[in-house]
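Single chain ahead, written as structure tokens, the form predicted on its own.
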Amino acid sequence: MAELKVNREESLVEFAGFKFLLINSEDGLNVDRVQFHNAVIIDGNDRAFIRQIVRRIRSDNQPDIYLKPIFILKGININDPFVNKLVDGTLFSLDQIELIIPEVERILTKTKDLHFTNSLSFEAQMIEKTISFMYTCEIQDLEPIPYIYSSNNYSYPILSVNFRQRDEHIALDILEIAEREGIFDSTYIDRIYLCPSCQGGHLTYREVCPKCGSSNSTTEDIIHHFPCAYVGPLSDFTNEIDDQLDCPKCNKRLRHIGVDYDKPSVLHECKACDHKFQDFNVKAKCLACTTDNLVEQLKGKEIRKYSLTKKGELAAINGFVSTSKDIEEIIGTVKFETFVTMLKYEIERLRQTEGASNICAVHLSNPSQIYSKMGSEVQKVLLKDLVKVIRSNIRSSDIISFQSSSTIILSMNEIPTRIAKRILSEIIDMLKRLIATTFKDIDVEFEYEVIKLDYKLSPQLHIQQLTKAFG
């Protein structure tokens, strides 16, 4: 039986060869200490303190900190759904520590599967953090939770933990990007409306005067008297003697609604400007920035449940470097969707003419090893240099595009395939020399492929055949 050792002075718990960082409400947390332990146990009776510690660990940018297992030593019940989504379990006493060892082992083993890269953009970095956490904790679905402390009223704790409350709307944009990249599939849950000024979702809706915008008004029914066709506000039909209704036009008593009269509408009177009107304007006042918005000006956003795809799981393991947006900004290239469209036109042209055109691919075989050694700015320099070398050795009419941060696709039209292969082979040699000269401590492995265009095949099938060997 393993011995439990508790050293509260050192904030250390040891059991079965595992070291746990023990954090209590009297201690200040040096987050860097987390990386030297196998897991974290938070011992506290203060909900706000527990939430703060969990946020500090999960929002860190170092994988050996934000992926560490976290357990709460329960002195109180934690009913915060945000916190509960970010911790890996609970203990009622340190004597139960043996029960969490299998979970700690599983998470640490899954973490060893991952390769981490220096992502090109903030969006890519956030996507990598999210899918890495989901992979290690074996979470398949990223579900939104209704959360009063979220500026959007919904939260995705694994991702939202990286943002201040007022910036949580960025998480929605990042999830949309990740879905476009094929990292997630999604299903519709709800629709929310955000302030166009600050993207906040805490809004108070009010009916206001269309003239002055005041919400201070009175309302009364409009009466339509059938016999004489008089139409007027309810106050025109009341008298000071009794509570009966008398028509001011014909003096007849109104007895039965639906027989003598009806109430076709209502009339509102603004107490601020005395304006009378039948239809309110509806405004939504933002409680964060106090902007008063017409409801038609609000920004609609869908709240969706996101499920990790196979591509997303592989991206978690290999490292997620960039989004399409990042690589589309490189001068000398076109968007991948534009490349596919132009490829379609070239195939149609070949259907009607005799000629030989090709598409080619240059693939980095070891992107995670390369990018993990570079900062994002150096990565962009590398990609720009690769494009510059390729562009200088093909014709200006040929097109270059990124399928991903590791695969460059280009066209070589109106030349024989054997010539295209020779040119691409020479380009690969130049790229290798460039890398060897510019990045001396980085070993880059290239693969390349060239296929001749066949007018019987679709653009998508051409690209599948071109890149299938790259895995």
Partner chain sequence: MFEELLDNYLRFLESLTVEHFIRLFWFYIFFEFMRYFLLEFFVLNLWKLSKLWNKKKYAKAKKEFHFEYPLVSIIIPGKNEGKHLYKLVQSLNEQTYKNTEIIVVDDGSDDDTPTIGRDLEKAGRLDVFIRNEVRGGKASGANTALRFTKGKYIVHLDADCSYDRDAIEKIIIPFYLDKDVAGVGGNVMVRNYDESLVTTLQAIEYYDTISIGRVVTSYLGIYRIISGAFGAFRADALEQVKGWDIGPGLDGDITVKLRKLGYKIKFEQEAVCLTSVPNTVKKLTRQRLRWDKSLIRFRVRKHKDVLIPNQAFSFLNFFAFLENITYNLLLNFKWYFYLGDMLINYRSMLVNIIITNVLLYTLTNFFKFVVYSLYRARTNASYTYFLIYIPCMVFYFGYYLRVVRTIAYIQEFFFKQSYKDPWNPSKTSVHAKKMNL
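So that the term is clear: the rigid core is the largest set of C-alpha atoms that superpose within 1.5 Å between two forms. Please read these numbers as outputs of a predicted model, since none were measured by experiment. Residue numbers count along the first chain shown, from 1.
As for the form predicted in complex with the partner chain, it is not shown, yet the points below apply to it.
- Though the partner is left out of this view, residue 259 does reach within 4.5 Å of the partner chain in the predicted bound form, counting heavy atoms only.
- Among heavy atoms of residue 236, some come within 4.5 Å of the partner chain in the predicted bound form.
- In the predicted bound form, no heavy atom of residue 147 sits within 4.5 Å of the partner chain.
- Residue contact check for residue 264: one or more of its heavy atoms lie within 4.5 Å of the partner chain in the predicted bound form.
- Contact with the partner chain in the predicted bound form, defined as any heavy atom within 4.5 Å, is confined among 159-167, 122-130, 326-334, 265-273 to 265-273.
- Checked against the partner chain in the predicted bound form, the candidates 296, 354, 243, 138 yield a single residue with a heavy atom inside 4.5 Å, and that residue is 296.
- 231 is the sole member of 287, 231, 314, 212 with a non-hydrogen atom lying within 4.5 angstroms of the partner chain in the predicted bound form.
- Residues from 277-301 that approach the partner chain in the predicted bound form with a non-hydrogen atom closer than or equal to 4.5 Å are 277, 278, 279, 296, in the order they occur in the chain.
- Shown in the overlay between the shown form and the other one, fitted on the rigid core, is a CA shift at residue 223 of 2 Å or greater.
- Core-superposed comparison between the shown form and the other one: the C-alpha position of residue 165 differs by less than 2 Å.
- The Cα position of residue 192 differs by less than 2 Å between the shown form and the other one after fitting on the rigid core.
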